[in-house]
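Below, in structure tokens: the form predicted on its own, a single chain.
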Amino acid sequence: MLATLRTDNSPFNEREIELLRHSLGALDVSQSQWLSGYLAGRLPSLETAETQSTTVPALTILFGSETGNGEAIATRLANQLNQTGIKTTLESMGQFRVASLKKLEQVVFVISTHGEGDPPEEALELFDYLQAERAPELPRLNYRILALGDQSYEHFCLAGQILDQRLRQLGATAVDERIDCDVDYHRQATRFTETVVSWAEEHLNRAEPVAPVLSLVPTTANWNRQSPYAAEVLRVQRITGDGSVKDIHHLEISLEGAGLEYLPGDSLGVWARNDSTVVDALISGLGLAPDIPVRLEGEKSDLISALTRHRELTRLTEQTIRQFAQSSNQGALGDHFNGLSRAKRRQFIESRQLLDLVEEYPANIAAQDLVDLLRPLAPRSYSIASSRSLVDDEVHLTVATLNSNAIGRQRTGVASGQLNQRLQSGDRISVFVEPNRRFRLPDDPEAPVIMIAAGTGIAPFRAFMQDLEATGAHRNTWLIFGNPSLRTDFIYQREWLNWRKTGLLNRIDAAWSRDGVHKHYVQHVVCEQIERLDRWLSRGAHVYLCGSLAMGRDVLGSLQSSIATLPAGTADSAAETVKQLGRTGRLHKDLY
């Protein structure tokens, strides 16, 4: 019976069907008969509950979030609406029954974009449903969209754009224009929330206020993105060897007395400051004075403070480059950039910082114009490399120095440069925890874990193993790790080999890209180990990917193509297998 259970012939979504198969498949005949009778005896009450649950809510909020930011925004909106008496339903797109969309009249979508313009994993089923030929017309649906993204990536808020376009094609009505938010989303999200609440109070029926919705994204203490904790740095140590092409450091930071909690899989947000030497060179290169008064979001400041603490100098966007060229009357820059192909423009953006533009294309610009065209400085996010169960009131990070040298000048990233090169023991850095419930160890203690990482992507897996060690938990674990060289780049080598020796880590496969005649990467290991991977997946293994977007794309591509080569495998069945991993919550990605 369960073999024929599908989303189109049952009231269950993909994840619920997978859970049913896992749970009911283990029952013997007598247990199945007893459960059947038990459910039959409850049918009257179930029918009553179903009748009561078919009442359409006044407003539904659906969120698709990868790191938890979208979920937090959606939860705050739901709480404000509930407090005003507006009947509101809050659901993850992954838990939402897509077929019920045609019954709804008022929906707010909060959707983030990840990877190369992709929607989050939990939104894939909804996107597939809307794009399918059987997608229903939605003439009753009125909607709003808040899209989250990052302008430094090529496909800014593309998932929100695709959702908006498809809903319009299906006859739905946009109540307002879509709001596309950059990494500094707080102000726009607040205005969006205020607009929705104000409209709902005027147009929707109100009842008694209800209790607040508890977010699935936990909050810790009073420290957050807007109010970070000034944490003491305990240790900064380079962990790549002499001669390595990478500069990776291990940092230990104290959280003692802060009340901050985190779990393996979470990230640490870091508010860094721009390097003073870069700020000085920028101001000097533009012929400005550091104490020129400017305004930031209506507040008074001076130029050097604005550029040091509040403006993005190391990440460019197409918009920033074009506005700089226009405001500084630097036609040569504008002509050169606009004449590049799309791929070359992307390469130009990713390899340069603002100071490179100023030195390569000397220009004059007013201080206020400079401040206005630059994006607000945003915090950087790092996967936590430790478990509280083992390190107590500390948090550990694994940070690679981001280097560039587009015009013969060595540049570093704003946060990686400060963390690795300018911080010392005893210094303080502003931090906050970014919970990520989508990158947790499986709830099922028997589920195997396959961890695939390149470079600093190994960080959260160190946290996983520390947690298993501290709690005494036992599950099958497998690490597939890639970096340039065994001699210089086996990060945390002693720890991983010790876990392998004690049996806490069942298997480790490494890919050293520069140690052989041919390049060898983690995606090649996936191809080589596909039969073993298939056996682990058949036992319910969860797959975790951490590293660059390109690495994640290559690994998933190799996994899919390799599954197709297995006995009875086909291209279509392999694609469906990988999709099912995401839909059932067994594929976890932390890519950047």
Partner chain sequence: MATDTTRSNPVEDIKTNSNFLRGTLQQGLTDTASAGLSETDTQLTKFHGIYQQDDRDVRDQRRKQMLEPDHSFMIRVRMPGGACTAEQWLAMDAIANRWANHSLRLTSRQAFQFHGVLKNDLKTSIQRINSSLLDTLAACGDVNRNVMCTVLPELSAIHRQVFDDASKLSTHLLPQTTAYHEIWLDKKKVVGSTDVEPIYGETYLPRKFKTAFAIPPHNDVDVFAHDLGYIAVVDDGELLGYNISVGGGMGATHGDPKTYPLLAQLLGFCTPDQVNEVAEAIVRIQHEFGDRGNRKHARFKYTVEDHGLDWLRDQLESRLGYPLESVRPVTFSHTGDDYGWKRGEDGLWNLLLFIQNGRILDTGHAPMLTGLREIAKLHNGEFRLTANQNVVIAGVTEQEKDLIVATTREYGLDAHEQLSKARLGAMACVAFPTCSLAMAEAERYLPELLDKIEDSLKQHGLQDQDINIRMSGCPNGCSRPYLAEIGLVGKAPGRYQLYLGAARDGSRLNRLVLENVDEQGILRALDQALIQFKYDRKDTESFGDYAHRIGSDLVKGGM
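Here the structure is a predicted model, which is why all the values come from computation and not from measurement. Residue numbers count along the first chain shown, from 1.
This next part talks about the form predicted in complex with its partner chain, which is not shown.
Chemist: Of 240, 328, 75, 274, which one comes within 4.5 Å of its partner chain in the predicted bound form, counting heavy atoms only?
Modeler: Contact check passes for 240.
Chemist: Out of 495, 394, 232, 154, which one falls within 4.5 Å of its partner chain in the predicted bound form, going by heavy atoms?
Modeler: Answer to the contact question: 495.
Chemist: Looking at heavy atoms inside 4.5 Å, which stretch does its partner chain contact in the predicted bound form, given the options 357-365, 146-154, 313-321, 495-503?
Modeler: Checking each option against the 4.5 Å cut-off leaves 495-503.
Chemist: May I ask you to state whether residue 487 is within 4.5 Å of its partner chain in the predicted bound form, using heavy atom distances?
Modeler: Looking in the predicted bound form, residue contacts with its partner chain include residue 487, since a heavy atom lies within 4.5 Å.
Chemist: Does the 4.5 Å heavy atom contact test between residue 402 and its partner chain in the predicted bound form come out positive?
Modeler: Contact with its partner chain, no.
Chemist: So in the predicted bound form, does residue 512 come within 4.5 Å of its partner chain, heavy atom to heavy atom?
Modeler: Close contact exists here: in the predicted bound form, residue 512 approaches its partner chain to within 4.5 Å, heavy atoms only.
Chemist: Whether residue 508 contacts its partner chain in the predicted bound form should be assessed with a 4.5 Å heavy atom distance threshold; does it?
Modeler: Looking in the predicted bound form, residue contacts with its partner chain include residue 508, since a heavy atom lies within 4.5 Å.
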